[in-house]
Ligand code: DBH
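What follows is a single chain, given as C-alpha cells, in the form predicted on its own.
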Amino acid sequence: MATTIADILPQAARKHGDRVALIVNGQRWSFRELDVLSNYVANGLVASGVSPGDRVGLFGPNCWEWLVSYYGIAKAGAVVNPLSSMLTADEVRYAVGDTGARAVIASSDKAQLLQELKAGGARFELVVWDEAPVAGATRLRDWLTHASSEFVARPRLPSDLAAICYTSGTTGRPKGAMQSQRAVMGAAVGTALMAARTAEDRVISALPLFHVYGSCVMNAAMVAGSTLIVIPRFNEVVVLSAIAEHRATIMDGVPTAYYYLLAHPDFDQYDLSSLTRCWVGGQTLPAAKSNEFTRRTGCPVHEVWGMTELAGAVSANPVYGPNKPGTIGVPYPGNAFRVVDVEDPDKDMAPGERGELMYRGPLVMMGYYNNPEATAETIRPDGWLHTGDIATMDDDGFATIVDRKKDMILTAGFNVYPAEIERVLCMHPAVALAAVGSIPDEAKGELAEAYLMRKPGVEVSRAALVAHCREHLAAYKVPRGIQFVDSVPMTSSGKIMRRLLREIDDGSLSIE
C-alpha cells in the first residue's frame, strides 16, 4: 500500500494501467498517463534545483495541470503548498514568503502577481501552465515536452512533512498547518474506506483541488482506482449534466452545493439514478436537506467532517454501518473523538451534552509552520487537538456539530448557535438555503439575523418563517431579523462566510 503521496500514482499505474483515471472538460487521462505526466514535472523541478524538503507553491484553479503538478512535487521530495485561487495579493505574498518557497507552479492568470513578488525580492522559480509564454517564467509545457518521462520518486518517510496548507485567516494572519505524509495518506485511505470507494466508482467533484477536502477526495480516488470527474467550477447544470453523462456513482460536495442543486427548477428532470452514495462536508448540512436529497434521488447522503489541521476528511457516517443524517459519524480507524467542557478540557461531557470536540490520532497536524505559540494553543501535550467546534456525542460515539465556537452568538447571556437556527429554517419547505449571523444589540449584546434563499417560484412571509422557528426553538434563539437574498458570501470552497453576512444588509431585516 502507498505510504507517501509520491507512491500513489506509480502504484495506481501498475494496478490500473490504461483505465480512465481523470476526466476534466471532456478530456480523459489514464492512470499510466497521469503517472508519466507527473514524472515530467518532477524532473523539471529537480533540474531547476528543488531539493527534498523544499517548499513548492501550487496556485491555480481545478485542471489536469494542477493534479499532475501536485504529484510531481511529491515525487521530487518537496513539500506542496496549495494556494487558494481566491487569495489576495497580500495573502499570497505572506504564504510564499512564510514558507520560503523554492518554486511556484501556477496558472498564467496568476503570473503577474507572482512576478510582482519576484520583483520585490522574493526568490523562487516561477513555472506557469497554459500555452501563452510569460516573461521570466518557465512554461510547464516545456517540461512536459522536453523532460524525461522516467523518474524514481525521492524517498520520504511517513513522518516527513508532506504539505503546508494555510487556514483561511479569519482572525490575524493565516496559519500554515503542517501535514505529514502519514496524515495525508491516512485521510485519503480513510476516505476511500469509509465510503467503500473502489475501481468501479466514478466520482464527481467540484471541490477546489487546493482545498484540503478537494485534495483528500482526489487522493482517495487515485488510491482506490476510481475515475475522478473534476468540475472546474461549481455550476448546478454542469454538475447535474455530468452525473447523468458519466453515470457517476459518488458525489462529493459542500452543503451549499446540495442547497443549490435541490433548488434548481429542473433538478428532478436529470437522471441521477447512477448515484449510490453521496458525501457532504465542510459545514453542517441540515438533516432536512439530506433527507430531501435522498427522497428525490434514492441516494443516501453521508455527512463527513474534517479540518485543514487534520489533512482532510477525518470522520464519516460509514457506508457499511449506521448512517445518521445530521451527525458527522465516527472517527476514521486509529483516531479518536472526545467532547470536553469548554472551560476545562480535562473534563469529559456526558453523552448528549455540549462541549468542545477534541481529536487525537495520526491525522493530527505536526503543528503550525513558524508558529509555535499557536501550535501550543491548539495541540495539547497529550496529543489531543482543539477543533474549535461545539459538539455532542451519542451513546454510539457519533458526533453532531452544534456550531463553530467562534460563531456562537451571545444573547442576553444565552448561547445561540447559528447552525442550529439554520437547520430549523431549512426544515421549512420554502427555504433553499439559510445563513445566520449576528447583529449588535444595545440591550442584549447580540441578536441572530437570518439570510434566506427561497426555492424558485415559492413565496413565504417572514411572519410564517418566524412562526416556524418558534415551534422548534426557544424564544431567545428565534432570529430577530430575516432578509431574503439571491446569494450569500462564500469561501472558495463553498462555505458560508457568516462574518460577511452583515455586508449584504439592505435594512429590511425587521420582523417585529
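Numbers follow the displayed sequence, beginning with 1. None of the values given here were measured: they were computed from a predicted structure.
Here the subject shifts to the form predicted in complex with the named molecule, a form of this protein not shown in this document.
*Asks:* Okay, which stretch from 293-301, 242-250, 146-154, 207-215 lines the named molecule in the model of the complex, with non-hydrogen atoms inside 4.5 Å?
*Replies:* It is 207-215 that comes within 4.5 Å of the partner.
*Asks:* Even though the named molecule is not shown here, does Ile421 get within 4.5 Å of it in the model of the complex, heavy atoms only?
*Replies:* It does not: once the named molecule is placed as it appears in the model of the complex, Ile421 has no heavy atom within 4.5 Å of it.
*Asks:* Would you classify Tyr71 as touching the named molecule in the model of the complex, given a 4.5 Å non-hydrogen atom cut-off?
*Replies:* Because no heavy atom of Tyr71 falls inside 4.5 Å of the named molecule in the model of the complex, the answer is no.
*Asks:* Taking heavy atoms and a 4.5 Å cut-off, does Ala78 contact the named molecule in the model of the complex?
*Replies:* No, Ala78 is distant from the partner.
*Asks:* Does the named molecule come within 4.5 Å of any heavy atom of Ala313 in the model of the complex?
*Replies:* Ala313: contacts the named molecule in the model of the complex.
*Asks:* Which of Gly329, Gly190, Gly281, Pro82 has a heavy atom within 4.5 Å of the named molecule in the model of the complex?
*Replies:* Only one option qualifies, and that one is Gly281.
*Asks:* Between the options Tyr359, Trp305, Tyr259, Tyr369, which residue brings a heavy atom to within 4.5 Å of the named molecule in the model of the complex?
*Replies:* Selected option: Trp305.
*Asks:* Who in 444-483 is close to the named molecule in the model of the complex, meaning a heavy atom within 4.5 Å?
*Replies:* Not one residue comes within 4.5 Å of the partner.
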